[in-house]
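Next up is one chain by itself, shown in structure tokens, the form predicted on its own.
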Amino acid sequence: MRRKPKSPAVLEANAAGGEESEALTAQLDRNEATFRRIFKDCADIVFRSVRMDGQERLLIVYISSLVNEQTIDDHILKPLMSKAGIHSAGTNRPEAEALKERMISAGSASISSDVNELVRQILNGQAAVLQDADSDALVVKADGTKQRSVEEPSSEPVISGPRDGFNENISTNIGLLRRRLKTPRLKMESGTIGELSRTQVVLAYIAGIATEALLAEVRARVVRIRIDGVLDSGYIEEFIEDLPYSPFPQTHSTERPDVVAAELLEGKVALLVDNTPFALLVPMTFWTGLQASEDYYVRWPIATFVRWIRFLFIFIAIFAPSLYVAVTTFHQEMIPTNLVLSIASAREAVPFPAFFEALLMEIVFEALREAGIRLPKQIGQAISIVGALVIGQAAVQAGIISAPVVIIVSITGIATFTIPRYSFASGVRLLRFPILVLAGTLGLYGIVLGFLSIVLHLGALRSFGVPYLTPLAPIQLASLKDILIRAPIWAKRHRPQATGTSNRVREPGGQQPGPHRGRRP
């Protein structure tokens, strides 16, 4: 009997989940009793009996809330009820196999005799067709759950570039990747994680570009996961990180298929998780957090300028409130006299020290930001803006805080929003608070201490064996052209040294455009 080829064993090993195998019998009544026992008290399970040719009895099992019943009617029931029996004289082929080849018109069908596998398939929105005197069942794809259409990602908006984004259906997400990388070298290894959720996880990579060492490490970490349910890719992210206590993310989470395709071409590996629009990309570096997909869709001088703006503003996002507190509290001699007098005049009526002022405003700002996200979309933005203006103005007039602190915290908030990766920006926001405490207690010495701690931490951090600061530390000169600047596409001949060692060359040289290019001398 022909069996459906199994997916690569790496991820399937986790899917086995330690369940004991139970085989179907050749008696339809016993098989029906088995499934009725398993799905006891499940109101949406359907057992549909059919008599083919007036004699042979078949049983169709499916979950009405997961299937498209029109598919069941058109591709299973009608062919079975409108045609004669399928016994074929002179052959000993199983009935389920004959059903699959001769009568069922659905696009995808397979054979299984394992009860646990059949239960999994039924829970995945497929229909099982069982018949008497046959210990095999036919599994027909009839998935009919509603899904969100392909829309622009709300967390990564762009002005230039593709507007489609992942949704919660993993098949749709795989299709979006296939549309961009039309090569059989794009591999998809599938498996399930979660004892109860049985969430499908797909490991995507390009054979010949991703290194075997990276693939083996990703497979090993994914297979080790033991959990009852996976509801989002964030669950998996926390299981596969190198250093879970770091504020910096070590996996790149994105909703954009073009970002996933671009990073697969650089030798990275993607993890697609069913029921979530966010894919994970590994390894991640510090610079990934500061790069937007749009950098590659605009002209390279503009992209380079914007990158340096981000470099500047990430320092402002981390250190601006701390520098204000340190200078106004401990090192007044470092700022011009007129500015000192202006700040002192603004703080004259404020009863709190500068440290407490800045800390209070930072907490209020984070609360407003969180409230703006949780409130309904139609009013969230208006409430957050109005709330910030009203509260800030009222607090200054009441003498609770000074105007310079409001300005500093506002600039800091804007600086945070220039970071394109949400999870990376969240880590940066979090770092402001310990640096602020150090500045409030030790002044500039505290800021230097915090800065050195961050640098040392980043220097020691790894993401799947790749240094987090690469290619700056350790230095890789050839890869810096996509870090400190965004080199023209025609100049990016090689993949990054950290991930593209299997196949370094991306494009041939000599493609710099010009009026004489391609002409004979």
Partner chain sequence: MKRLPQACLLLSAWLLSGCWDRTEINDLAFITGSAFDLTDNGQYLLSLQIAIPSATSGGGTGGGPQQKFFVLSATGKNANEAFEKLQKKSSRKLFTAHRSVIFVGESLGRQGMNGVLDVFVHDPRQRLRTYIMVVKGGEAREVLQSKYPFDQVPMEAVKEMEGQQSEISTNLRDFFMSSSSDGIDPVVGAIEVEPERKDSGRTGLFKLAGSGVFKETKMVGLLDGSETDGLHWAQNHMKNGRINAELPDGLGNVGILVTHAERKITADTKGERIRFELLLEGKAMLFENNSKLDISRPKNIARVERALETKAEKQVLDVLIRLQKQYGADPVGFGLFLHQNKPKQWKAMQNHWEQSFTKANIKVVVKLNVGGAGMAGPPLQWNQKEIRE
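Positions refer to the first chain, counted from 1. Please read all numbers here as calculations on a predicted model, not as lab measurements.
One more form of this protein, predicted in complex with its partner chain, exists but is not displayed; see below.
Contact annotation: of the candidates 160, 332, 171, 147, the single residue with a non-hydrogen atom within 4.5 angstroms of its partner chain in the predicted complex is 332.
Between the options 108, 441, 183, 154, the residue in contact with its partner chain in the predicted complex by a heavy atom within 4.5 angstroms is 441.
At the 4.5 Å threshold, heavy atoms of residue 247 stay clear of its partner chain in the predicted complex, well away from it. In the predicted complex, its partner chain sits within 4.5 Å of a heavy atom of residue 328.
Its partner chain in the predicted complex is approached by residue 445, whose closest heavy atom lies within 4.5 angstroms of it. Looking at residue 449, you'd find a heavy atom of it within 4.5 angstroms of its partner chain in the predicted complex. Residue heavy atoms within 4.5 Å of its partner chain in the predicted complex occur in exactly one stretch of 225 to 233, 337 to 345, 247 to 255, 362 to 370, and that stretch is 337 to 345.
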